[in-house]
Every structure is written in C-alpha cells, then in structure tokens.
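So this first bit is one chain, no partners, the form predicted on its own, shown in structure tokens.
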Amino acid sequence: MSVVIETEGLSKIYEGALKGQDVHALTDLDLSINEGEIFGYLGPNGSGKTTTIKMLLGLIFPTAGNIKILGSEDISASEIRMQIGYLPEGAYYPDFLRGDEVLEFYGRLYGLRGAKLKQRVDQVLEEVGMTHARKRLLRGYSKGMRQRIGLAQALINDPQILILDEPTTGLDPIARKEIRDILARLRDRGKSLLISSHELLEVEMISDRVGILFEGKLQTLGTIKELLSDRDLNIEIAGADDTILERLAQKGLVTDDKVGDRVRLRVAEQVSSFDALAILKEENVTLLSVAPRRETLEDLFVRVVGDAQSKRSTN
C-alpha cells in the first residue's frame, strides 16, 4: 500500500496574529494517508485542520517541516495539482449557472475541451446521481444537490486524491447516506480521501483511519477498531438516589445518563461484570438491563480533547 500524502514535522506559526502574539496553528504534524483509504481528520474549531488543508493545497506555506504528495516534495508542480480534487466547506457557485455549466467551467480550468470535456461531465454527473438535474439552474437546487455538484466539481479531472471539508454538514439523513455511498465507491476504486468534519457519526461509519487534532497537535491516530474500546458495560438501573450514585461511582460504576428515576451506568474497565452486579445487589437498586458498551467516535473525541485540555491546564 503506497502513501499518497505524507507530512513530517509540519508546523505553521502566524507571527503576531493575536494582539501581537504568535499563534501556533500547527505543531510537528507527522501524518501519512494511504492509497485507497478514507482518512477522517477531526478536531474542535481552531485546532489546525483548515491550516493543514491549506498547506496541502499550496495556498499557504509551512513555517517548518515537509510535505510529500504522491512522493513529490514539489507540491506546486502542475502534475501534482492535477491529482488533487478539493471540496471546500460551504462551496459557492453562481446560482444563474446550470449544473453542467459549473462542471464545464472547472473542466476547462483543467484543460479539458470538446468531446473529452463533455464525456467527463457526463461521467461525473452520473457518478454523483445528478444527471437528471444537469440543465436546472443552481438557484433551484437543494443543499444536497449543491453538495453533489460540488463533489462532481472535485472529481472533474479524475484525481487520485480528494480533500473534502465538511462534505455532509447540514444535509438531511437521506442526502448524507447518498454522499456517504458515493465516497465509499470512490475509495473502492482506489481513490484516497481526506475528510475534515464535525459530523463524527458520519466519519465513524466511513473512515478507515482517523486522527484527532487539538490546539495544533495530533493527539491520537489509528484505525477505528484500534481506537474505540468495546470492553465496557452499560447497566441501566432504577431506584438510586444521589447518595447511592456517588457510592457507585467510587466503586467504578459511573453515571452516564439520568432521566427521571432511570440511570444508565458506565462500568469502568477494571470492574468485572460479576463484581458490578454484586455491587448493585449490595445497594439494593432495581436492575433494568445489562449490555456491552462500545465506545463511539464521539466518546473518543470528547475523551481525547478533554485529556488534552487537562494536561494544558496543569502545565
């Protein structure tokens, strides 16, 4: 499996950007994205995701470190740029244009002309399911249709690498599913996708690997299977007051959620299911259900960012 994007010690400092103080937008980023994978690039607002994307696209220059794309350090070379498709967040296209006119415009920017341009427009419209709306003005498009045209624009030159910023934000569940299916098909064809998103469930469903940034530093990196724990238990009980819940927490049975009299407990990894049930029996509470608990990407995200915030406050 070949590496299509690689960064080493990548850093970006905006000198004097915050009331005369330097802003360290990205610090020592070591990252690799493989051929034929979807990589989820996550982090809170201001964590450095957009800065990373801008440097990969050659829109801004790093303060330190190196970038290789398709094995080349000359990422501004035309043959490298031709292999990157980009969908920005909130992409805007003039609403007086038709869908096919948008694609023809971007195709010409890539040097496509005549029959080859028409063929490629037809192909990408088919790929994103927009053939039926090719002659409609964009002002009549829904948000999901606009997002599909944006994705078609990123695909017009059949690039090897796709960089997508918030590709499903603001879409209804059906449109999200449709976009997700398109992205999975692109990966299956050997495309490499970097997706920056706040839609953690979407990222979890489709990504092969994820990386989480916080304050410009990569906090964790790995496959979904490697990063998400499935060793905890969820236990639902009733009849426990705050005093009992406090005693349970001290014994490793932590309140995860509470609605009325019903309480969902998360059992710490070091507490066995046998011990958890024995503890609950001692407290004389009503046991409603017991089920294995798989950590979600949202759980991981909150935990990783929370740990990073705690380390920052203690330093």
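What you are looking at is a predicted structure, and each value in this text was computed from that prediction instead of being measured. All residue numbers are counted from 1 along the displayed sequence.
Although it is not shown, the form predicted in complex with a small molecule is what the next lines describe.
When the small molecule is considered in the predicted complex, only one residue from D74, D208, E126, E89 comes within 4.5 Å through any heavy atom, namely E89. Between the small molecule and the residues N45, N284, Q270, Q250, the one pair within 4.5 Å by heavy atoms in the predicted complex involves N45.
The candidate stretches are 286 to 294, 252 to 260, 46 to 54, 31 to 39, and the one lying within 4.5 Å of the small molecule in the predicted complex by heavy atoms is 46 to 54. Judged against the small molecule in the predicted complex with a 4.5 angstroms heavy atom cut-off, the residues Y14, V23 and H198 are in contact without exception. Interface residue remark: E178 is not counted as part of the site for the small molecule in the predicted complex, having no heavy atom within 4.5 Å. Within this chain, E166 lines the site of the small molecule in the predicted complex, having a heavy atom no more than 4.5 Å away.
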